[in-house]
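Quick heads-up: it's one chain on its own, the form predicted alone, in structure tokens.
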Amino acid sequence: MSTFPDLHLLIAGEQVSGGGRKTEDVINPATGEVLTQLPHATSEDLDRALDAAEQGFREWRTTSADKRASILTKAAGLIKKRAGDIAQSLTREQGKPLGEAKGETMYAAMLLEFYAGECKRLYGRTLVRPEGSRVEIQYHPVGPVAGFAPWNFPTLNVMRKIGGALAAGCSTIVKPSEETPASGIAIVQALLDAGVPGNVVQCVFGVPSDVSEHLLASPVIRKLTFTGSTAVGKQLAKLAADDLKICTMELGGHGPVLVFNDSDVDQALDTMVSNKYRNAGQVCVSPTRFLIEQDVFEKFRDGFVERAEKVKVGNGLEHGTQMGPMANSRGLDNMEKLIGNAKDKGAKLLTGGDRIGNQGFFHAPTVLSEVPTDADIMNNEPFGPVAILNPMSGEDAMIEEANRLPYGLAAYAWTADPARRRRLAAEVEAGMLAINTGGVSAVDAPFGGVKWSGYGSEDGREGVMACMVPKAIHEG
């Protein structure tokens, strides 16, 4: 793909741009160049999208499960077929290596395939009652859904906002990130091309606070789904509360990794170092606080630094690149502040710590050790390519530190002890726990957190049921 795709809104099945609408630049984070301009929706555009979503919901909710499943399956096939081109756009606007971009897009297609199957598994139940009485529990789509997706996984996050809702029978309006718009447009266009009606799936852009306030002020929207920071999530939840809209919130994290002295240290290192620097650490479930039992701390520390220094950083379109740039200059500024504060507090900088070059937004893979708990980076999600390695005295202290923060999205543990695994599963406060693996996501498993990391789930059956409401029918 030699040119970047044209950008537009998708409202009621129509590609909307021009007309004197405000625009903003879309930047390539590897070069700093302007790729193109993105049009913003006007208030009239948003009102039109709301009217269309209301009509689309009435139509889509009565579309048979077989037909919905067929359309969504076809859309998944189109996304797979177009994955190469979509990945090119994704890498250029977001920065991650091309292989990661294609893998993400294929995962989005796989998730949609799963959701398509769920169309036919939206079961109710009948309760036991005396003869002559009957109670049936049915599940119905909640209504039009507004979804707000971030820039770090611009195809997958868009799919998570709309896939389950479409399977449930809801209409959707999604706002992908203005920094990575082409990826989201491509996902929505594939759904439209597969036969989802234009008033059932729509795509808008604009100043985020303006768009969210406009959509959430409308009684048409009955559910909000959001991925992003805890601060923004809290603000959106307040807006949604005014109309008692149902919410799914997938918010910030600060992933602890508990490494015990009975673990396979080399396996843990090979898995977690690549996991840490995936997408330049800009992952809500990124492993961040490595809590390492004292007996194996030095071996783990030295092995981590050795592997981090071998990570090849470069343009995501270049062959062999393992870590691309950060997605924007804000990330670089945040890294500088957090690393500087940690060093001032007494942390040891073992490798990295600085920006790479003066073109684009590249930052070196970074490792800090012996970081005190009052350092900002120990309490605020860094969302960048930095790992914190701290020695710990034993299991109780490790669990206590893992649970210290108000976040609880993903956590990781490495141990050979089956009894300890059961204790960790019961005691670590997280929506997802990976033991002796780096993966916390699967299309058929719920994805979500606890505490300040949000509530509700995406993916799995739960991602569809989150877009439905129960109704009890009592017959005498």
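Numbering starts at 1 and follows the sequence shown. Only a predicted model underlies this, so the values are computations on that prediction, with no experimental measurement involved.
From this point on, the text means the form predicted together with nicotinamide-adenine-dinucleotide, which you will not see here.
Using a 4.5 angstroms cut-off on non-hydrogen atoms, would residue 151 count as touching nicotinamide-adenine-dinucleotide in the model of the complex?
Heavy-atom contact with nicotinamide-adenine-dinucleotide at 4.5 Å: present for residue 151.
Using heavy atoms and a 4.5 Å limit, would one call residue 383 a contact residue for nicotinamide-adenine-dinucleotide in the model of the complex?
Looking in the model of the complex, residue contacts with nicotinamide-adenine-dinucleotide include residue 383, since a heavy atom lies within 4.5 Å.
Examine residue 226 and determine whether its closest non-hydrogen atom to nicotinamide-adenine-dinucleotide in the model of the complex is within 4.5 angstroms.
Contact check for residue 226: yes, within 4.5 Å of nicotinamide-adenine-dinucleotide in the model of the complex.
Indicate whether residue 330 is a 4.5 Å heavy atom neighbour of nicotinamide-adenine-dinucleotide in the model of the complex.
Yes, residue 330 is a contact residue.
Taking nicotinamide-adenine-dinucleotide in the model of the complex as the reference, which of 177, 199, 288, 248 has a non-hydrogen atom within 4.5 Å?
Of the listed residues, the single hit is 177.
Taking 4.5 Å between heavy atoms as the contact cutoff, choose which of 215, 90, 284, 72 touches nicotinamide-adenine-dinucleotide in the model of the complex.
None of the others qualify; the residue that does is 284.
Counting only non-hydrogen atoms, which stretch in 95-103, 122-130, 201-209, 306-314 is within 4.5 Å of nicotinamide-adenine-dinucleotide in the model of the complex?
Going through the listed ranges, the match is 201-209.
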